[in-house]
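First, one chain by itself: the form predicted alone, in C-alpha cells.
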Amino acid sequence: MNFNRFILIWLLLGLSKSYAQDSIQSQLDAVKSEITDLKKIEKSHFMIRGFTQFGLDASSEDLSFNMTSFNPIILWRHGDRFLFESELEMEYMSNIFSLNLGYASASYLVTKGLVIKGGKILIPFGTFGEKFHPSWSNKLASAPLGFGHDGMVPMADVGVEVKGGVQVGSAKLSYAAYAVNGPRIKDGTEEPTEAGMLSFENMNDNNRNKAFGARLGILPLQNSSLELGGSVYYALPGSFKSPFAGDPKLKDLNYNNVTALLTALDLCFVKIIQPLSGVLDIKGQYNVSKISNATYFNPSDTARYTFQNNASSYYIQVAFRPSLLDNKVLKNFELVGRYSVYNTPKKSLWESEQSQIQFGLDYWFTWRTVIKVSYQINNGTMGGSGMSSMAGMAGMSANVILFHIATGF
C-alpha cells in the first residue's frame, strides 16, 4: 500500500467516525428535547371543580323549589407558576335560566409570597365575597343582608391584583391590592327609584378612572386560629358626560365628580374546643359606604332632590360542630346562627332599615356536601319607593323556612 492510499483510507475512516458521533449527538439532543417537553406536560394540569345547590323555601305566602344552581370552576395549571381559573354561574330561578361569568383570571406566582393576577377577579373586600360565597362554604342557605351580587359591596370586577403573604415573627400577614374598572352610579335614567346606588361588575368602564382597593389581614396567633382584616375601596363612579345632555332643563346634572369610599372590617376565628369535643367557628364583617352628595331627578313628580348617600351592613355568624365525638352521626351535625343588618341612605327612594336573624342545623355527609335546614326571621322598614327589587333580594316579605342541599365537587 503506497503512502497516498494510506492517507486516503485514514481520512475516510476519520470522516465516518466524525459523522457517526455527530449523528449520535443529534439523536441525544432530540431525546433530551423530548424529555424536556414531557416534563413540561407533566407540570400542566387541567381540572374541573365547582359547586351546586338546590333548595325548598317555605313561608306563609309561598312554597317553592328554587336556588337551582350549577357553578363549574375550570382550573388549568401550566408549570409551577402559571394558573388559570374560571367560574361559570348557571342558575334557574323564577322560571328563568341565566348564565354568567363569575370570574375568570390568570395568576402568575412570582415568589412564594407574591402572586400577580389579571382578568375578572373576585374582589378581596372583606372575606365573604372572595372566600365564603360558594354555597357549600356558606353555612346558611342565603347570603347576609347587603352581601352577594346585589349587595352594597363589590364581588367581582375586571382588572389586576397583587396579593400574597409574609411571616412576621409568630404572626402572619396577608395582603392584596388591586385596580379594577369600578362601579357605576345609577343616575335614575333607567331605574329612577334606584338613583344613587352603585352598580358593580361592569365589563366596560364609563370613564377613564379606575377603582383602587386593598385588604390587609393579620393572623396574630401562632396556630392561625384568628384572622383580623381591614379593607378599603375608592372609586369615581360617574360618567364624564351628563346623562341628561339632551334635556335643556336637566343637562346641568352631572356626576363626574362623585366619589365613593367603601371600608370594611372582618373577623374569622376557628378553634377546637376540647372540653366540648368540637370546633367553634365565628365569622363577621362590617361594611360602610360613603358616596359624595349629588342632585338627582325624580320623574314621578319632576322634582330634584338630594340626600346623604351613606349605607352600612354587617353580619356576625357563630357555628359549632361536635366533630371530635366518637358517634359517627352526631359528629356530622353543625349548629349555625347569624344576625345581619343592612341600612340604606335616608331620604333616598331606596331607603330601608333591614335586619335578619337566621339559625339552622347542618348535616355534613362529607367535608363538602351538606344539607342545611334553617329558619329566617326578617324585620325592617322600607321608606323609599324603589325597594321592590331589594325586598325580593332580602326576603323581607315574610319569615322563611329554608331546606337546601349543597355540594362542592
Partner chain sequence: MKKFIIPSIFVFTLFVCMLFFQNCTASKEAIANKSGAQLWGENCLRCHNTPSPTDFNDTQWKTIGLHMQDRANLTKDEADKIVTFLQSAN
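These numbers come from a predicted model, not from an experiment. Positions refer to the first chain, counted from 1.
A second form of this protein, the form predicted in complex with the partner chain, is not displayed here; the remarks below concern that form.
Residue-level contacts in the model of the complex: of G119, P72, G165, P322, one residue has a heavy atom within 4.5 Å of the partner chain, and it is G165.
Note on contacts: among A264, V153, A156, A141, the single residue with a heavy atom within 4.5 Å of the partner chain in the model of the complex is A264.
Only one segment in the set 94-102, 239-247, 72-80, 193-201 has residues whose heavy atoms sit within 4.5 Å of the partner chain in the model of the complex; it is 72-80. The closest heavy atom approach of V279 to the partner chain in the model of the complex falls within 4.5 Å.
Remark: S174 counts among the residues lining the partner chain in the model of the complex, judged by a heavy atom distance of 4.5 Å or less.
Mapping the unseen interface onto this chain, P299 falls outside it, with no heavy atom inside 4.5 Å of the partner chain in the model of the complex. In the model of the complex, the partner chain stays beyond 4.5 Å of every heavy atom belonging to V318. No residue of the trio F125, K210 and I291 has any heavy atom within 4.5 Å of the partner chain in the model of the complex.
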